[in-house]
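Take a look at this single chain in structure tokens; it is the form predicted alone.
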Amino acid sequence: MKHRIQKKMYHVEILPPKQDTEKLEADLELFAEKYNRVMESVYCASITDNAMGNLAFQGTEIIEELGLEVNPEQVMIHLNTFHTKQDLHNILDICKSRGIKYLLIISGDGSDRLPRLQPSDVQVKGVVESVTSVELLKYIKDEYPDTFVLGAAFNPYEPPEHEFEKLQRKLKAGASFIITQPIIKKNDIVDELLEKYPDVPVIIEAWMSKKIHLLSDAVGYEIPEDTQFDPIETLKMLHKIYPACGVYLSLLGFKTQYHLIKETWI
């Protein structure tokens, strides 16, 4: 992961089509266009897993269905706890067979339409109410040894003591890199993270939508809907503040922003 940062490889978020889409063929074509553009740019395609609890096709099944080329250094699959055990292994087995080795393991957002892994599915013993990313990390590391490079999320807007304790458990369970929630300015908790874990690659998430008010729930305070926000200028600022970090681009506008990002990482 450190070599990605050194090579200035953006992690570009790509959302698979929702399963209830009424224009599946067009959505699949758009997914392929975005994916191939990321490959040509020598960035990393970061493919989400039922983002925001919306039932979507899996990135692995789309890659298989469309016959998309996989460069192991340019694909990262998100994987959350809202799956059956059979589906979990199907995803992991496809990743293994296609050479996809980078996985971001998260607890994820659920809904009534999504199943959820049970403690017994991931060989958790004792009193555990629900499977979190910690248990899923350990299970994948144990079941697929020396196969995947596992990452974990870090939320600088949660109470720091709680979030750092949880992060320590994630690292112990098998995570070897960290991706933060979106930050839009210098963040004291991210600074503390970098100080505490100088040898762990950290990727900061840059919010690329002008609709900054959508981050209100994440940051824990209300951002007025009419707040002016320039994602490209903010991205440039984050590079200056955190030059040793990688960057994950969420909600990047492929038509309006993609051609601009190459010049921001200097």
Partner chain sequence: MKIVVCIKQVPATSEAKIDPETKRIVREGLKAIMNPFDIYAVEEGIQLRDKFGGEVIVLSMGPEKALLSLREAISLGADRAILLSDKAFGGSDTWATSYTLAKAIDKIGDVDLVICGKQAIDGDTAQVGPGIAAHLDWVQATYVMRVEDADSKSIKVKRMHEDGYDICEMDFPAVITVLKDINIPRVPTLKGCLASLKIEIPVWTHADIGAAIEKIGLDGSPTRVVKTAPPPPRNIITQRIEGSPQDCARQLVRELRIRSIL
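Small disclaimer: the values here were computed from a predicted structure and weren't measured. Positions refer to the first chain, counted from 1.
This protein has a second form, the form predicted together with its partner chain, left out of what is shown; the following refers to that one.
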property	result
Contact test, all of 22, 61 and 114, partner its partner chain in the model of the complex, heavy atom 4.5 Å	yes
Of 207, 35, 57, 43, the one that lies within 4.5 Å of its partner chain in the model of the complex (heavy atoms)	57
Option touching its partner chain, based on a heavy atom within 4.5 Å in the model of the complex, out of 225, 65, 69, 233	65
Contact stretch among 114-122, 91-99, 186-194, 146-154 - heavy atom within 4.5 Å of its partner chain in the model of the complex	114-122
Residue contact check: residue 28 to its partner chain in the model of the complex, 4.5 Å heavy atom	yes
